[in-house]
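One chain is shown next in structure tokens, namely the form predicted alone.
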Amino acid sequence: MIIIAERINGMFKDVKQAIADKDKKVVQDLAKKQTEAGASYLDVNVGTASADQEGTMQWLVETIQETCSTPLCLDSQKPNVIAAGLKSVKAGAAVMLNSTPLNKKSDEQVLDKYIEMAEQAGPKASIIALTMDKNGVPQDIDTRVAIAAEIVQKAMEKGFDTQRLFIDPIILPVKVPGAQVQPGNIMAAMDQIRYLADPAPHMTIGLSNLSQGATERSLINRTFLAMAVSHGLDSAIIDVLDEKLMNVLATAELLMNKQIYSDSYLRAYSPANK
């Protein structure tokens, strides 16, 4: 599983305050803790913490890289913010660009821009693309798959390796009226998306979106993560500091025959033992 750690995000109060105060320690501590907990990538999202999103993205990237070599996932739907962050990413480093829809009313070519930036960043750069277009977030299975197919087609036309492409079918908060059907729709869409290309694109989700506003957040997240792994999910933006969640992930991968069983498998899968 390609694990993208979610906590360096200006939507969280501690990170928002750290950005306002230019307090490197808060950001660097989060980078270290998430790396130690098993993060493959660290998501970096300015959120609403600063009016100067470009400058703040650069500051976050530089701050993290001072203390941590974990690859970064630059998270913004604004190409200029991604481009600003890329200027500060160390040359040749793996990096993920998150996230672009197929298109937007304000920018029909937004996906092309992300692909171009990824190509310029080098062969270790990948993209997270949302099954979303200028009409918004689809609510049904077929539209999600159709948008994913267009994303894959565009990537292939531009010679962009589909193994560097991550499709995000966009999970919605289960507490929202009418949204309880969406987790099932997501898994049904993933069942089809994995056959859109050979090699198949990766599939990822922003897991915490599922439980926004719910009481049993961790339980809801853990349960759906295990279910989604059985439908081909091989990446997720998650709270790596949630030990129970990480244990469920290890167990789900074990039961899907992606890991070797031992009685001490949880200890074996611990980042400290890798």
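For every residue, the number given is its place in the sequence shown, counted from 1. Please read these numbers as outputs of a predicted model, since none were measured by experiment.
From this point on, the text means the form predicted together with a further copy of the same chain, which you will not see here.
Option from 127 to 135, 168 to 176, 147 to 155, 93 to 101 whose residues, in the model of the complex, bring a heavy atom within 4.5 Å of a further copy of the same chain: Stretch 168 to 176 is the one.
Under a 4.5 Å heavy atom criterion, is Thr48 part of the interface with a further copy of the same chain in the model of the complex? Outside the cut-off, so no.
Close approach of Met187 to a further copy of the same chain in the model of the complex, 4.5 Å, heavy atom: Because a heavy atom of Met187 falls inside 4.5 Å of a further copy of the same chain in the model of the complex, the answer is yes.
In the model of the complex, is there a heavy atom of a further copy of the same chain that lies within 4.5 Å of any heavy atom of Met11, even though the partner is absent here? Taking the distances in the model of the complex, the answer for Met11 is no, it never comes within 4.5 Å of a further copy of the same chain.
a further copy of the same chain contact in the model of the complex: Ala20, any heavy atom under 4.5 Å: Residue-level check for Ala20: no, no contact with a further copy of the same chain.
Among the candidates Thr70, Gln53, Asn209, Asn247, the residue which, in the model of the complex, approaches a further copy of the same chain to within 4.5 Å (heavy atoms): Partner contact (heavy atom, 4.5 Å) among the options: Asn247.
What residues in 214 to 230 sit within 4.5 Å of a further copy of the same chain in the model of the complex, counting heavy atoms only? In sequence order, Ala214, Thr215, Glu216, Leu219, Ile220, Thr223, Phe224, Ala226, Met227, Val229, Ser230 come within 4.5 Å of the partner.
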